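The chain below stands alone, shown as C-alpha cells; this is the form predicted alone.
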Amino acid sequence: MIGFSPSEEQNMIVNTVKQFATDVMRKKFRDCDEAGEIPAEIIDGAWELGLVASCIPEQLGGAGWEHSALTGTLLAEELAWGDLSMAMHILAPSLAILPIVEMGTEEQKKKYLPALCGNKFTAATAAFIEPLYDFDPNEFSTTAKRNSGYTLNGQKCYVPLAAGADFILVYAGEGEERQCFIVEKGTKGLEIGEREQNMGIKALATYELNLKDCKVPAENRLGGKKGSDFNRLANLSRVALASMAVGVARASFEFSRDYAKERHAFGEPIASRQAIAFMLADMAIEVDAARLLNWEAAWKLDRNEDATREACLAKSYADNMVMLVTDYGVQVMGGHGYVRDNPVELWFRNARGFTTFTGMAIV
C-alpha cells in the first residue's frame, strides 16, 4: 500500500532541514550567487545536521541509519527550496558516500568512509557528465581498460568540488559494462581544469576533468570484482535531481503566489486576474504532479525494485516542469521578474540546467 504521510522520523528531518533552509540559506543565497562562493560556516552548519554521512556504519564513524531514497527526496527538496547551489554543495559527498556504502567492498568502506565522518565538511564527489553534445549516460566515452589495474581515458565536466576532493568516483565504460572507479587526488593522469563559468548554480564550484592514461589499482574498482549496480546509482541520481527541481519550482511558485496576492493594480490584487490566477494554478498542479511521480520512483528504490522506468519519467517530467514554473514566476512579476533584485530570475537560470545536471546529485 502506498502512503502519502511521512513517518515521524521523516517529519523531523524535513522540519530540521526546512528550518535551516529558511534561517540560513534563504538569507544568503543571493549574496552567494553574486560572489560565486558559499561561506564555509554555512556548509559546516549543514554538515552538523548529520544528514549526509548518516548512512555510514557506526563502526566506521557514521550514525548507521538505514538509507532511504524517499527520505532523501524529502530533504533534497527542502535544501533546493533554500538554494540549489548550496544544496548541491552540501549533498556532493553523497555522490561518493552512498555508492561506497551500498556497493563498496569492505576494504573500500574502511579506507574511504571514516574520513567523511568528521565534524567539519569534507569534500568528495563523482564525475559523471561528459562534455559532448551527444552525451549518452548509457554509453560513456570515458573508458576503463583492464591491465594490472585499470587505465582510464576520457573527459568529464560539471564535477562539483573536484579541486577540494581527496578522491573522485569516476564513471566509465568497461567493455559492455558501466562501472565506477575510485580515483585519488594526485593520481598521475588525472588533470583538474579551471573552475567552470556557468549560467546558473554560480555559487557551486564545478570543474572539468581530463583523464589521460590515468592508472588506478584493481582494488579501486567500486565493488571490486563484483562491480557496482550502475542502473541503481543512475536511478538514485534521477530521483535526487527531480526532487531538487521540485524544490526550485516550489520556491518560484510560493514567491509568485504571495507577490500576486500583495501586488495591487487597478484597485485589486493581480492574483484575482484570470491570466495570473490560471498561471498560479498550473504552477501548483505541476509541482505536485512532479513530486508524486518522484515519490513513486523513490518508493520502488526503497523496495529494491527496478525503478528505471519510474525514475526516468520523474526526471524527464521534472526537467520540463521546473522550466515552466520558473518561467511563469518571471511572468507573474512582469518587468520586475527580469531584475536581479528579485529571486525569480535566479531560479529561472538554475532551472535551465536540470536537463544537463545528470549524475550531479544522489540520495
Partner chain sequence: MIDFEISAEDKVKVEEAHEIAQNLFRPISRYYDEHEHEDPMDLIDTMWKMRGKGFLTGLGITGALMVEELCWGDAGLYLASPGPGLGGAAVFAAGTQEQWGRFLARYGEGKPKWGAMAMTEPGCGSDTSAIQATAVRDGDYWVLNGEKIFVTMGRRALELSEGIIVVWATVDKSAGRAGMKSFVVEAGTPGMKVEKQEKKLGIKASDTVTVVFDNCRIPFNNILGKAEIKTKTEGFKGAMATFDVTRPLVAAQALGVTRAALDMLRDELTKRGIKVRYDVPRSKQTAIERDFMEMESNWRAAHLLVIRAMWQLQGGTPNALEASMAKAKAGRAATLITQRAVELMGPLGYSRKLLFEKFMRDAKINDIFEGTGQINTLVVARRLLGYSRDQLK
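Quantities reported herein were computed from a predicted structural model and do not represent experimental measurements. Residue numbers count along the first chain shown, from 1.
Just so it is clear, the following notes concern the form predicted together with the partner chain, a form of the same protein that is not shown.
The partner chain is not shown here, and in the model of the complex it never comes within 4.5 Å of any heavy atom of residue 27. A residue is said to contact a partner when one of its heavy atoms sits within 4.5 Å of a partner heavy atom; residue 182 fails this definition for the partner chain in the model of the complex, lying far away. Proximity of residue 37 to the partner chain in the model of the complex falls outside the 4.5 Å heavy atom cutoff. Interface membership of residue 139, defined by any non-hydrogen atom within 4.5 Å of the partner chain in the model of the complex, is confirmed. Proximity to the partner chain in the model of the complex holds for none of 75, 149 and 357, with the criterion being a heavy atom within 4.5 Å.
The single contact residue among 289, 218, 163, 157, judged by any heavy atom lying within 4.5 Å of the partner chain in the model of the complex, is 289. Contact with the partner chain in the model of the complex, judged by any heavy atom within 4.5 Å, is made by just one of 189, 224, 269, 193: 269. With the partner left out here, the partner chain still marks one of 77 to 85, 240 to 248, 279 to 287, 193 to 201 in the model of the complex; by a 4.5 Å heavy atom cut-off that stretch is 279 to 287.
Contacts of stretch 237 to 274 with the partner chain in the model of the complex, defined by any heavy atom lying within 4.5 Å, are made by 238, 253, 257, 261, 269, 271, 272, 273, 274, listed in sequence order.
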